[in-house]
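Below are two forms of the same protein chain, given as structure tokens: structure 1, then structure 2.
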Structure 1
Amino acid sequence: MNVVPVQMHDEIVTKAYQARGYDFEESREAAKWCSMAAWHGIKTHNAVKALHLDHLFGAGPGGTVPGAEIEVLPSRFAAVEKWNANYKLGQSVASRAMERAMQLADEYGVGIVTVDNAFHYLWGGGYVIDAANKGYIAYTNCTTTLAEVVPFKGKYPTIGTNPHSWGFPTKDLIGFNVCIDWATSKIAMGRVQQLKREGKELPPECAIDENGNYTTNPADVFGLVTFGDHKGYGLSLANEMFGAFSGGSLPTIRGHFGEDHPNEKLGISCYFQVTHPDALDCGNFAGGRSQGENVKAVLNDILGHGNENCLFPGQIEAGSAAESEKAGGLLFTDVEVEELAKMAEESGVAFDRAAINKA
């Protein structure tokens, strides 16, 4: 692994987005969340993935609108805001939406921001971990740009990989924040692309080819399958339902920018929800425990009784963050470093290889 300084990474990624027409502020926000993903070891949603998505569906193909203004729509509910993102860069929108949801939670106990006409915000775990670091319980889901997943027992992809992300403020209790974060497909498409880049095979029974047969060759993937059979399908469908209620259109044409689909919408939908822990406190914890003491006692009980070698969700990401902290930078493979070098060259940024050390 190679250690890339955060400042160097963020400068390259910011300039890469600016070179594609985005303004400085949204480019800086995009770089921040790419860095957050890399810091936590999330290779499927780092800058390589982010700029690949932008190349396929971003400003060039007419998917995103650099510098677009978010329109806050009327809402009769004080704790809920409805946004028309106007196809603004996804990481910028998500960053602001989660921040606004936290502000609403401070006032009302819970805050919700639902977003129409959006673009994929990459790693949802980053936003909920950031909120958990600030003391909130946070949740987000979104529909993804393409329909890449087949319904349970299906053969044709008609739903997205559709992630769910939860963050709980437990860092002061157990040393890290519990973060439940997943795509509802058995494997993320970003992981498929990563394995394809690195010449590796897929795990068994997570993707199908064009004939509906399972394949382990990333180059033959026609569709992904949901984890947990009907259970993962149900969770994926939940995202589509949130999107449908918010204004999202047909999943099979979503992201098909440049094609002729009159009277249909091509963007994704996002949902952000933040709950202040005080809003859940009923004030009657067993044994006279405080809320924090009670949460810790519950977590200890779950990993007790012979379960001490089990992990909580978020623990691996926290371990990766600790490794990044120890290394003093972002950990990238040789292939990822070369991709970063290409970004720098395309953006006119000097790429200082001497600043990159081996871990």
Structure 2
Amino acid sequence: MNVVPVQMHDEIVTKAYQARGYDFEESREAAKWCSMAAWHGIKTHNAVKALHLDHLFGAGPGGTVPGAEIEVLPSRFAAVEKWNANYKLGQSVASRAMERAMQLADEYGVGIVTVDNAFHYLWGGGYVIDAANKGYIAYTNCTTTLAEVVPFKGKYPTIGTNPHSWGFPTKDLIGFNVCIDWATSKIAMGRVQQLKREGKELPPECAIDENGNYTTNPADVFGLVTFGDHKGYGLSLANEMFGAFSGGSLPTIRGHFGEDHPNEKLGISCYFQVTHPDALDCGNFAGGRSQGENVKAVLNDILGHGNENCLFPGQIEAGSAAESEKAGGLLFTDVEVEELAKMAEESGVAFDRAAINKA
């Protein structure tokens, strides 16, 4: 594996975004959250994916708007803010929204920021882990750009892969933050495409064909299935509901930039919530434990009794972060390094191969 210094990566990615018209601040934010994903081993949401996404949906008709200003909309409610992101870059908006939710939680115990006219923020886990690093309980959900998932027992994809991400501040207790973070489809569309490229079959009952029947042939996939049958469907629907109450339009035309939908909106919606742990602390922990000691005791109980080989959610990502830390940079495959080199060339940045070590 190649070890790419974070500073080098961030400079290239920042410049790549700037070359696409984004201002310095939002480009720097975009690079930071790409680093965050790569640092935690999230291959699907690193800079390569981010810029590919920008290429597909970004700056252009209906896509993100470089340099857009976030409008904080008037509200009579102190602990909840409503933002019109004006299609500003997703990572910028998400990191600022989570930051604001933390400030609101400092004041009210809980803070929510709901965002209309938003754009894909990439890895939700990054924002909640960052908030957990700062000591908060954090949560985010969003509607995803395309409706690729069918309702339970359905035939036509009308809901997104709609992820949920929760982060809990447990780093000082068990070495990493518990982070529950996944999409509500059983498998990702990216996985379908990968299996198609590799000529392999899908796992059973993960996707349907155009007749609404289960298929394991990636070429026949018309819609994805939610995890856990009606339960995952409920969780995906929840994001659609939060989106619909905030300002999101019809899921089946979301992200269909370039098509003619004069009276509809094509952007996604995001929801951020932060709770201050002190606001939940009822001050009466067993055995005279502090709040932190109690959380640790509960976690130890859960993975005790013969469950020692189980993992907590977030533990795999924390392991990848530890490897990045040990190697002293982002662990990239040869292919990813070449993508980064191409990105540097396109953005007019020198690509210093000598700075990349092998791990």
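For clarity, a rigid core is taken as the largest C-alpha set superposing within 1.5 Å between two forms. Source: prediction; values computed, not measured. The first residue in the sequence of structure 1 is number 1, and each one after it adds one.
Compare the two displayed forms of this chain and pick out the form predicted alone.
Structure 1, which is the form predicted alone, differs in this respect from structure 2.
Using the rigid core as the reference frame, would you say residue 224 shifts its C-alpha by 2 Å or more between the two structures?
Yes, shifts by 2 Å or more.
So, superposing on the core, is the move of residue 86 at the CA at least 2 angstroms between the two structures?
No, because once the rigid core is superposed, the C-alpha of residue 86 moves less than 2 Å between the two structures.
Superposing on the rigid core, is the CA of residue 213 displaced by 2 Å or more between the two structures?
After core superposition, the displacement of the residue 213 C-alpha between the two structures reaches the 2 Å mark, so yes.
Could you state, for a rigid core superposition, the Cα shift of residue 151 between the two structures in Å?
Shift of residue 151 at C-alpha, rigid core superposed: 2.5 Å.
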